[in-house]
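The chain below stands alone, shown as structure tokens; this is the form predicted alone.
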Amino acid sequence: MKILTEHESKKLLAKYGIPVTREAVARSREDALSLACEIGFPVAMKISSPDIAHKNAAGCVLLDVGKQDVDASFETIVANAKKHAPDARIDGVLVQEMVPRGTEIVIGIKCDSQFGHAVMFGLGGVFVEVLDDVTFRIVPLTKLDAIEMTEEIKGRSILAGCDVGAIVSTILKVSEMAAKEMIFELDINPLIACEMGVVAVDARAIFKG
């Protein structure tokens, strides 16, 4: 299996027209400060490594980082990553724009040995593990399939005020991706949905072979 970093995974999403955060990987503290100044403060900073899946739990995610804290944040994230996974490949630190608050949802791809690829949709963020409020459809999906997925989760009322059209569009783009790419697994979590549009804040893709 080939595991992509968050940044690499988002490049794949962007290829299919899924909105992603403005970001870049910094190889040094100096790079991080320069990139953060281009993106605009405050920024989010995360470890960029295919070998650390749960970045929050590893202490490798810092949010709302101001200009004066970039250097220290870079060092903290790298140190925590090395402590958490000494043998992990570390590409650098991802410097990312902070996205306005919205509804956190998850869209993903799962590969079943019997049924093939399926698209997953549900409430994202911490709700994924706490509530396990998700639904699945076998690829390829129709627009009706995608609409029904947004309507059948238990927490569908949370989507009130969100751009459901953008959510449906994203589900269909993920279905297209599943049909065209050799993806074993994909998690877009969270995908932030608001009144006008969606944006992928985090993502992780795993390829076959």
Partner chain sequence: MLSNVLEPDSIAVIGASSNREKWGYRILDNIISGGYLREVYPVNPNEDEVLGMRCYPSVLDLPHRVDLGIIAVPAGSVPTVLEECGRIGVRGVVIVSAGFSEVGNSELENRVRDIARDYKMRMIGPNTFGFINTHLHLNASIIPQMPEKGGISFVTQSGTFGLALVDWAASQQMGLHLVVGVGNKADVDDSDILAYLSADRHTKTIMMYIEGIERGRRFIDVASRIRKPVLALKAGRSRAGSKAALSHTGSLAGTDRIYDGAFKQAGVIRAGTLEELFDSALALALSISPPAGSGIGIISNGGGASILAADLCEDLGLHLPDLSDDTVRMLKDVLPVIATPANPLDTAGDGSYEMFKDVTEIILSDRSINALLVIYVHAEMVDPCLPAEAVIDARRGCDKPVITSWIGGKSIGAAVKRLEENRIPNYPLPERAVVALNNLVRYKRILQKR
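Numbering follows the first chain given and starts at 1. Note that the structure is a prediction, hence the values are computed from the model and not measured.
The discussion below concerns the form predicted together with the partner chain, not included here.
- In the predicted bound form, the partner chain sits within 4.5 Å of a heavy atom of residue 189.
- The partner chain in the predicted bound form is approached by residue 138, whose closest heavy atom lies within 4.5 angstroms of it.
- Interface residue remark: residue 163 is not counted as part of the site for the partner chain in the predicted bound form, having no heavy atom within 4.5 Å.
- In the predicted bound form, the partner chain sits beyond 4.5 Å of every heavy atom of residue 84.
- Residues 108, 144 and 185 are all found to lie within 4.5 Å of the partner chain in the predicted bound form, as judged by heavy atom distances.
- Of the candidates 31, 51, 38, 152, 152 is the one whose heavy atoms come within 4.5 Å of the partner chain in the predicted bound form; the others do not.
- Contact with the partner chain, judged by heavy atoms within 4.5 Å in the predicted bound form, is confined among 165 to 173, 144 to 152, 57 to 65, 23 to 31 to 144 to 152.
- For the partner-free chain shown, 108, 109, 110, 112, 114, 115, 118 of 90 to 119 come within 4.5 angstroms of the partner chain in the predicted bound form, judged by any non-hydrogen atom.
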